[in-house]
Ligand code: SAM
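Starting off, we have a lone chain in the form predicted on its own, written out as structure tokens.
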Amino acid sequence: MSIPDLPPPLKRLGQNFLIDPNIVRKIVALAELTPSDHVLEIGPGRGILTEALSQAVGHVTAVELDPRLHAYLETRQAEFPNVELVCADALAYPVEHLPMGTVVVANLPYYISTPLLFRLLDQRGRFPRLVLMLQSEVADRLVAKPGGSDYGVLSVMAQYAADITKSFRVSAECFRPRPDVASAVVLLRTKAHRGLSQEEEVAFRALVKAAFAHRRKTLVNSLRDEGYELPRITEALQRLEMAPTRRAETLSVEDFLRLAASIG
């Protein structure tokens, strides 16, 4: 079987292929992989990271949306026989069927990075570690602290679910084609203890989204505008001794948890 030409990148899928083997080594080292590990790779592209992962672990599930790239990787299957190549949309792929303890290592397509991250964190009991290459702006939001413009829904919900480290930046020169945005690799160690029941977690996420829905408004006004009853909000803030003039970006993750419990 002849090996097809490398498929050209598709701009509509945000394809920027990693070409730097040094960055690949740093990603694999950061993931702390062992030969018994199972890895989920999202967006294997042309396979530079896939090959390294296959040499480090027992099994890799590589989910690629682009059928051209999937077909190309299939021509290289002999190089990595322990890689299961899946042609699917990662946003629809049933990650809940992966083995417990699966490690996620991925160069996430930037246009779906946030919804995909939420989906993976919803299954965090399955994934002890996630090593993700992201747009630097998204990485900054993940690790942002209260008080800054980067701090928002993503910051609160991700930090509730995981301990997050922005590990290193990746130059645009490490990709072809060269992206217009900077990139960074983050390590998320998921928290085994949920703290909230599934039902409480749904209410918590709704509260956080409502709080940040109108960033220029006070917490009270933003929550009221999103349908929360004013007396319940003011009573909860009084119980917690939080000033009604505070804005959402000043509350820590712990503050939001206390507020969610108080509002009920």
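Residue indices: 1-based, along the sequence shown. Just so it is clear, the model here is predicted, and its values are computed rather than measured.
The following text describes the form predicted together with S-adenosylmethionine (SAM), which does not appear among the structures shown.
- Contact annotation for the candidate site: P146, L251 and F256 all lie away from S-adenosylmethionine (SAM) in the predicted complex (no heavy atom within 4.5 Å).
- Contact with S-adenosylmethionine (SAM) in the predicted complex, judged by any heavy atom within 4.5 Å, is made by just one of M157, A139, A90, L130: A90.
- In terms of contact with S-adenosylmethionine (SAM) in the predicted complex, the residue from L196, A213, I48, A206 that brings a heavy atom within 4.5 Å is I48.
- S-adenosylmethionine (SAM) is not drawn, but in the predicted complex it has no heavy atom within 4.5 Å of V153.
- Among residues of the shown chain, L121 is not one whose heavy atoms approach S-adenosylmethionine (SAM) to within 4.5 Å in the predicted complex.
- For L65, a non-hydrogen atom is located within 4.5 Å of S-adenosylmethionine (SAM) in the predicted complex, even though that partner is not displayed.
- At a distance threshold of 4.5 angstroms between non-hydrogen atoms, L69 is in contact with S-adenosylmethionine (SAM) in the predicted complex.
- Looking at 187-195, 162-170, 108-116, 77-85, the stretch with residues near S-adenosylmethionine (SAM) in the predicted complex, meaning non-hydrogen atoms within 4.5 angstroms, turns out to be 108-116.
- Residues of 196-211 that come within 4.5 Å of S-adenosylmethionine (SAM) in the predicted complex, judged by any heavy atom, do not exist; none qualify.
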